[in-house]
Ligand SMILES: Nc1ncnc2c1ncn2[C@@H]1O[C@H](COP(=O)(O)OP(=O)(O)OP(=O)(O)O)[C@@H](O)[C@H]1O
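First comes one chain, alone, set out as structure tokens in the form predicted alone.
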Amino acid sequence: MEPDNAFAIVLEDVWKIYRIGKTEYPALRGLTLMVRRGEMLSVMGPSGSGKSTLLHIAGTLDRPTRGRVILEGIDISGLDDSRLSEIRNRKIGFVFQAYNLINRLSALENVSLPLAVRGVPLPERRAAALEALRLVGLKDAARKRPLELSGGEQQRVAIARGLVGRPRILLADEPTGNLDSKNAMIIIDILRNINKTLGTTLVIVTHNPEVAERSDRIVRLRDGRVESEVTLHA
């Protein structure tokens, strides 16, 4: 049995029920999942299976209706919004299918935004943003604005933004969903390299089996529960 500190993310009997009027819509139904520190995990399943809800709860963007969530050894289940925001800002990075970049800002300025929120001085956040862009192969594009970049390059900027604070956990929701197969493989290679070189725990929601097969483990959801899992790389 692995020690508790071996896991970056632990979800225990997590339920998420959305209510509209008197009607209940369960998105997660007693889901239990443990993600090891430094693991690269892909989450697959049909639309409506609970994949994005799982990611939002693991990332403290949403609260479970019931159940426990433990991140990096911290039980976050009863924490207030202020403490959750602090954990999210310091421990978790996000990458979404929509790049969510600000078009009037340069790549460097987009990447440095999370550090600005933390109050990091300008010289330090510029240096950190340049290093994050270097990790995704775009240091030379630091001054370009999003509309001057291809879709694949914009997603790489979004990954750099997710990494700039050196989070212990990176959560990616369909990060290759808007890309062709060539750029999708470039993105997944970058994510895999980050996972291996920085030791970042990486959870990817994806419909793409080629993306999932680069992971250490694939978990499949159905109807808000874990249906199956397979380990690809120990």
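No experiment lies behind these values; they were computed from the predicted model shown. All residue numbers refer to positions in the sequence shown, first residue = 1.
Quick note: we don't show the form predicted in complex with this ligand, though the next part is all about it.
Asker: Given a 4.5 Å cut-off on heavy atoms, tell me which of 163-171, 188-196, 25-33, 63-71 is the interface stretch with this ligand in the predicted complex.
Answerer: It is 25-33 that comes within 4.5 Å of the partner.
Asker: Could you check which residue among 183, 208, 53, 200 gets a heavy atom within 4.5 Å of this ligand in the predicted complex?
Answerer: Result of the distance check: 53.
Asker: Report yes if any heavy atom of residue 18 sits within 4.5 Å of a heavy atom of this ligand in the predicted complex; otherwise report no.
Answerer: It does: once this ligand is placed as it appears in the predicted complex, residue 18 has a heavy atom within 4.5 Å of it.
Asker: Whether residue 177 contacts this ligand in the predicted complex should be assessed with a 4.5 Å heavy atom distance threshold; does it?
Answerer: Residue 177 lies outside the contact set for this ligand.
Asker: State yes or no: in the predicted complex, is some non-hydrogen atom of residue 46 no more than 4.5 angstroms from a non-hydrogen atom of this ligand?
Answerer: Yes - in the predicted complex, heavy atoms of residue 46 and this ligand come within 4.5 Å of each other.
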